[in-house]
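The chain below stands alone and is given in structure tokens; this is the form predicted alone.
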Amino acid sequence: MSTARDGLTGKPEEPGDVLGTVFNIQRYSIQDGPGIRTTVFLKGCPLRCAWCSNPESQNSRPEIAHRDSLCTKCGLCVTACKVRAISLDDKGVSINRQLCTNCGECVKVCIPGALKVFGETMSAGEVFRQIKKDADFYRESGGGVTVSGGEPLSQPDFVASLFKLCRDNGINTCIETCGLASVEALEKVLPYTSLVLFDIKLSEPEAHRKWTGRSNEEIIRNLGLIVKKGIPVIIRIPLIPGINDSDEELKNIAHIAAGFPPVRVNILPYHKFGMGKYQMLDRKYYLEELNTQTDTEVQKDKRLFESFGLVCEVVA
């Protein structure tokens, strides 16, 4: 979201007043950068990766989700919905996504918690107050805060404001980005960023477009811009069976990574942790037949990247 402004003067308010749309704040995270971290997940992403494990992050607006396993079919949500987007039959609750305004009135009356809203508006100050609760853990472990998503650079004013609050209080900052963003967004956020976790999903522009909806040309350009600024970068590669985990494709990705020293590489084995959320949002997950790579396969891929002179770590 854009910077909040004083209604009388038109001047930007303090960094803590800038608003963003957040769908999760995860404390004690150890997979989103070094040490113990708090990971803040933001709504909105320009990509639509077929394997995305956070489908609730893709749209910038809040979304209603429904979990069938918790639903008692009481019908209170049907009555609460003013636009009649919710119906109930023998199979359970159905949400007409074309009619739903994501107002959240149905969530308020759902006693068993089968309905929830993914996404809420929060100020940078509100989020920072949660982050700083674990400041002692960050200092002792070399951790800090990571903003992920979705795509954090889709909300650059919010991230820059949050990171300024963190840096002013001695807390290290990190973005986990797909790399597809404007130069203006990068220029706002990078001055307050200690580390960048940068996704490289596929090497060829058209293959990238096929599986994510967008080409990777701007992404590779942005990687170069970040590296030139001297900010530490870790390239993260999700291993997707049959899509990007062939030796040929991984060599192409390794060649890209080796062209931006001194970046390090993380490889992330495939998983299906997000499948349940697709069901909650009435979306289809198209890679259901894929299976996680074996440890032997993952270690072979790790050695491939190391053969290019890259420091590589497996992040499970």
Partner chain sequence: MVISTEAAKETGKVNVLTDRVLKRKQECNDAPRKILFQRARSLTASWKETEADPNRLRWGKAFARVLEDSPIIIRDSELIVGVETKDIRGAEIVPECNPYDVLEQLASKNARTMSEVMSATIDPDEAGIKEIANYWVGKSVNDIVYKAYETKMGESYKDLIDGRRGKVAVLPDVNGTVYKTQTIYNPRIMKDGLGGLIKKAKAEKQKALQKSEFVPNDYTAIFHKLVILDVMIMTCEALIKYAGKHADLARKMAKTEKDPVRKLELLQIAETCAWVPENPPRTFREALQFYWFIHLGIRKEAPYHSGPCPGRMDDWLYPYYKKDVEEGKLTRQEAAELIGLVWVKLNEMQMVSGSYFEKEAAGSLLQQVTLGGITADGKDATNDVSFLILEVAQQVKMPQPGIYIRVHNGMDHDFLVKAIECNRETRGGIPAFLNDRIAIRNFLATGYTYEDAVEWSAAGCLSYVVSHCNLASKIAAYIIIPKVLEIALNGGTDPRTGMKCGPETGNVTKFTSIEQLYEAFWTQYDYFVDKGAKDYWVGYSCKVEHLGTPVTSLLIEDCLERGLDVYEGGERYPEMGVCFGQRGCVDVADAFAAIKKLVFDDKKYTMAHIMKALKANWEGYEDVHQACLAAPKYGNDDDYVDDIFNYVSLKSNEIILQKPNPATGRPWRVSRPALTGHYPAGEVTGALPNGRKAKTPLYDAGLSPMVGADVNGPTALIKSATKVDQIPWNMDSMVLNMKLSPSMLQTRPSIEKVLSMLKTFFDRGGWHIQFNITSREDLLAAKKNPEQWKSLIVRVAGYSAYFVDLPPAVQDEIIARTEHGI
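Take the two forms, find the largest set of C-alpha atoms that superpose within 1.5 Å, and that set is the rigid core. The model shown is predicted, which means the values in this text are computed figures rather than measured ones. Numbering follows the first chain given and starts at 1.
Note that the form predicted together with its partner chain isn't included here; everything after this is about it.
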_Tell me which stretch of 132 to 140, 217 to 225, 77 to 85, 95 to 103 has a heavy atom within 4.5 angstroms of its partner chain in the model of the complex._
132 to 140
*its partner chain isn't shown here, but in the model of the complex which of L281, I256, L287, I30 has a heavy atom within 4.5 Å of it?*
I30
*Judged by heavy atoms and a 4.5 Å cut-off, are N24, P112 and R236 together in contact with its partner chain in the model of the complex?*
yes
*May I ask you to state whether Q58 is within 4.5 Å of its partner chain in the model of the complex, using heavy atom distances?*
no
*At the 4.5 Å heavy atom threshold, is E176 in contact with its partner chain in the model of the complex?*
yes
*Closest heavy atom of V311 to its partner chain in the model of the complex, within 4.5 Å or not?*
no
*For G274, is any heavy atom within 4.5 Å of its partner chain in the model of the complex, or not?*
yes
*Under a superposition restricted to the rigid core, does P112 display a Cα displacement of 2 angstroms or more between this form and the one not shown?*
yes
*asked:* Aligning on the core only, does the CA of K91 end up 2 angstroms or more away between this form and the one not shown?
replied: yes
